[in-house]
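Coming up is one lone chain in structure tokens, specifically the form predicted on its own.
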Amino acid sequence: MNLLLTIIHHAFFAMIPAVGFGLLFNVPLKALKYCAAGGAIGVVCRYLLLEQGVSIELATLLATSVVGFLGVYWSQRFLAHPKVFTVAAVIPMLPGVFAFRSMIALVQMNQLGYSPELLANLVDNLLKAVFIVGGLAIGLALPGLLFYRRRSVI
């Protein structure tokens, strides 16, 4: 029961930024519910993978790939570009916390001076943020590369 409530909590709070950025990107009103659903599905997939012990970078890549494949399916069904559904849906998975922590470590190094702990904190959080953003980009591009090829894979 606790897991179900946690999933509903994550899904609900992932829908809010997905719809907000969908409105910001001028997504048609009929497609906003799919942006919200994609954001919720992506965050719930990432949460479930994290609960299974998968690293956050790989979990983000896999969850973004799920959102990308859903975007391709919805785009063929509703005759719209897949990015209409997917870009706003992956916004809730952006690594804001890790980027903020690395920035705070950088500011503390500037104010307090160099220390190995601050440098390790900066590098650790910065690399996590970079790899998560890379996972988001690859996960969004992967379905398009597979489905919209003009040549066969082999």
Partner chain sequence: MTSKLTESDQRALSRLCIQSGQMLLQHGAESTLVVDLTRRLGLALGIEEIEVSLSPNSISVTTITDRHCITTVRQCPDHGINMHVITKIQHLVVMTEHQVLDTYAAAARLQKITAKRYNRWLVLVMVGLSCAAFSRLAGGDFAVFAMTFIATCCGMLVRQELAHRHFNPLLNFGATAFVTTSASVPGFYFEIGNNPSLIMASAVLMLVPGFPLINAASDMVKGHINIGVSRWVMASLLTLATCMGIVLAINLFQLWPWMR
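The structure presented is a predicted model; accordingly, all values stated were derived computationally and were not measured. Positions refer to the first chain, counted from 1.
The same protein has a further form, the form predicted in complex with the partner chain, not shown here; the description that follows concerns it.
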Listed residue that, although the partner chain is not shown, lies within 4.5 Å of it in the model of the complex (heavy atoms), from 62, 94, 70, 56: 94
122, 49, 32, 41 - the one with a heavy atom within 4.5 Å of the partner chain in the model of the complex: 32
Contact flag, residue 90 vs the partner chain in the model of the complex, heavy atom cut 4.5 Å: yes
Distance check, residue 27 to the partner chain in the model of the complex, heavy atom within 4.5 Å: yes
Exercise: residue 145 in contact with the partner chain in the model of the complex, heavy atom 4.5 Å: yes
is_contact(residue 66, the partner chain) in the model of the complex, heavy atom dist at most 4.5 Å: no
Contacts with the partner chain in the model of the complex - residues in 105 to 119 whose heavy atoms fall within 4.5 Å: 106, 107, 108, 111
